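Heads up, the chain below is alone and in the form predicted on its own; it's given as structure tokens.
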């Protein structure tokens, strides 16, 4: 019997409706959207209980973004946003996905559903196995699943033939135990979602200021005189950030927005908890909008620094020379390099009018407290690390790091993606961390660096990675080069996923596949020593507790900690680590973390304080943990991009109804795009030049290193975006992102700058 074809993508249109883009974000429409999601997908009592506990002291951490909570009092009405409600509605859904569904629907049949439809099938309720050659998943006992994983792992020729992926939702406790198991097993193959998102931030910041995290706190944003937001759409991806920006404005601050397309959230914010804000029509946030072209950020920043340098040369004392002398290195080299460029040259490469750049420079020249925020619009480029380092250059010139109201602010995605890295989820761990891990747990960790996401995919594709294990996430849909990644996964002998919900990664599998259903952030977690809580680290380095309150949807669900401990117990021979004992009481895991990782002293005591605690941050105190003990200026080449006739630069973006690869709905409300995801946004000039109409059906192609890739069936829509630039949603456009196109040093895929051609469907 031939194996049925498994669909990687769904090409069905769902009925595009276009409206005018919004110029205001949040407000009453966000309340209505939140209520609709709760009413449609959740039990009303559960929805009410969760709304009172999400992001509250003593409550649970939102499973969505990593935006920090206020240190002091939190909103009694609701310390959450619209997408936070969508996230808990997704996790705490009233629907359950049982073995009966899998018995009645083959993998091939399920794969024909869209990602949205797959996600709405309900919570997974019991472990499932897809046996070699089978067409349907079927139930498996937990002990048999653990035994199979152990058998496959122990049969490998080398531990490096196993790949262990981690999503950013995993708690500190689960992440620590997970990496401890993997290093005890004998490999550093720990690719994680950071590799695909903010790895460029970590590399760029570590090399310049000595820590791969941002230097500011939430209170710094309130106090800032100028906040520049680059390559980021807070209104959709981190809506609670808008409240912080509003406080900055109320305190007299100015906001510069640098982005290829205007976003409603940065235009006007209506606080849904403030009747006065609703009545007055909200707060205008952006004082200066800079429509930079794709990857024009280094050029824009260089142009600003050249304008500031001209003022410095004229005797205006714009640069903080006292700070530069005391705390930095390579200043003269930076200035020498800057003088090799002209303002006009940089302006042309950025796509921004010189007069607009001068306006931005004026704000930065005559204000002292400056924060620059950014997200994937800057990191997912070949020069992603350089983008971040050029931001640091500008801040260092102004002495705007390590003082109140000033500093770096990379805005992370998943709620504990930063915490996972702190816990040791990293393919390139530092020797000091491994030495301490070995000392505390009496193991011998491998020192050779492991696979990051791109090299892991390449290894599996070359049949070097035999077992793929994922702690959360939707690896296939999140990764670049979807068809290449799919083949890589299918080359494995076993793929296993720890998940709360079904996703497309469960449908494109190795010869055998396991689905291991786990507790969600909203679920009660009861272990041998009673009810447990976990902890998470937010974007600004605050570690706080998270404790679910709902009865899990199935008695067969296990916590991530329990799953890891059982796999370790089944797999490792002669282990001295009390895996099951640690899983029975998470305090014991935190005791171990305290001994291994600096900054977690008295962990169990401090994590029980209502607001948690801050981790050490040298850059925040002007203590730069670099080789020379200084904050380093860097030399970054000016990118120059050219397009041939018929070529465009494409970036992938999220819709308002999604978070990463999780599709909450089919509407991109703020951009005026409803009921459809297979769209491509183009400048009207580019549309007219091709003689196309709105909703022209097209296929997209990218060619890189001799390989042509295709993404079929997209609808053209006009949008405010620079000429020659286009935007599409991911994961729909991920097949176009080459596996071998990634950022220097960080290996982050270039999802924000893919050269494509477009052909109309005949």
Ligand SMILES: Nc1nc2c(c(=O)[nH]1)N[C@H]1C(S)=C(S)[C@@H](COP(=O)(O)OP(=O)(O)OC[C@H]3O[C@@H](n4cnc5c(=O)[nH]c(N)nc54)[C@H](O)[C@@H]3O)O[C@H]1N2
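From a predicted model like this one, the values you see are computed outputs, not experimental measurements. Positions refer to the first chain, counted from 1.
Here the subject shifts to the form predicted in complex with this ligand, a form of this protein not shown in this document.
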Query raised in the report: With a 4.5 Å heavy atom cut-off, would you call residue 679 a contact of this ligand in the predicted bound form?
Result: no
Report task. Mark residue 390 yes when one of its heavy atoms lies within 4.5 Å of a heavy atom of this ligand in the predicted bound form, and no otherwise. Result -> no
Requested in this report: Tell me, yes or no, whether residue 475 is in contact with this ligand in the predicted bound form, where a contact means a heavy atom of each within 4.5 Å.
Outcome: yes
Query raised in the report: Taking heavy atoms and a 4.5 Å cut-off, does residue 537 contact this ligand in the predicted bound form?
Result: no
Requested in this report: Please state whether all three residues 527, 532 and 561 have a non-hydrogen atom within 4.5 angstroms of this ligand in the predicted bound form.
Outcome: no
Report task. Answer with one of 179, 500, 445, 544: the residue that has a non-hydrogen atom within 4.5 Å of this ligand in the predicted bound form. Result -> 500
**Report entry** in the predicted bound form, the residue from 386, 658, 189, 184 that sits within 4.5 Å of this ligand by heavy atoms
**Finding:** 658
Query raised in the report: Which of 433-441, 203-211, 232-240, 147-155 has heavy atoms within 4.5 Å of this ligand in the predicted bound form?
Result: 232-240
Query - Heavy atom contacts to this ligand in the predicted bound form at 4.5 Å, residues of 405-422 in sequence order - result: 413, 414
